[in-house]
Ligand SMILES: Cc1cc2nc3c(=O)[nH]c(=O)nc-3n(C[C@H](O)[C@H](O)[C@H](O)COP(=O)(O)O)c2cc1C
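Take a look at this one chain, the form predicted on its own, written out in structure tokens.
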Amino acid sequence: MAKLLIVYWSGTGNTEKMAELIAKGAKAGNADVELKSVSLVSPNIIDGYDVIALGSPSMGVEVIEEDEMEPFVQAIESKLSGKKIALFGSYGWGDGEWMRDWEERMKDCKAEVVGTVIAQDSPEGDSEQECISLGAKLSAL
């Protein structure tokens, strides 16, 4: 059974909803899931987890949220080598460049990126199911 940590930042609730859907899929697969807003955790939290899912909406010029999520990601980069990572987030404009950049950044840290999901605005329909499926996939790792 996977021990999964889901850490996210959400401004409008869209990324939070994605986090909850990922947790739902993982719990259905019997994973031990901890779901946390980034403002409630310290970087050391990742040490005790097999799999980590990080979520942030696209902000500004297609970057992850800069005041809380970016500092958290910077603080954990040195701990990611060999970790299984999933990334998720919502966007309202652009083409998902922030997610491609974030995925490449995690690979540069030697993390194993096992999945990504992006949703335009609120996750509905296909993107909602993609979140649940990602959670199920993470539970099997």
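If you're wondering where the values come from, they're calculated on a predicted model, not measured in any experiment. A residue's number is simply how far along the shown sequence it sits, counting from 1.
Omitted here: the form predicted together with the ligand. The next part is about that form.
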Self-check item: The unique member of Cys109, Val114, Met59, Leu35 whose heavy atoms fall within 4.5 Å of the ligand in the predicted complex
Solution: Met59
Exercise. Specify the contacting stretch among 93-101, 73-81, 26-34, 42-50, defined as having any heavy atom within 4.5 Å of the ligand in the predicted complex.
Key: 93-101
Practice problem: May I ask you to state whether Gly13 is within 4.5 Å of the ligand in the predicted complex, using heavy atom distances? | Solution: yes
Self-check item: in the predicted complex, Asp121 touching the ligand (heavy atom, 4.5 Å)
Solution: yes
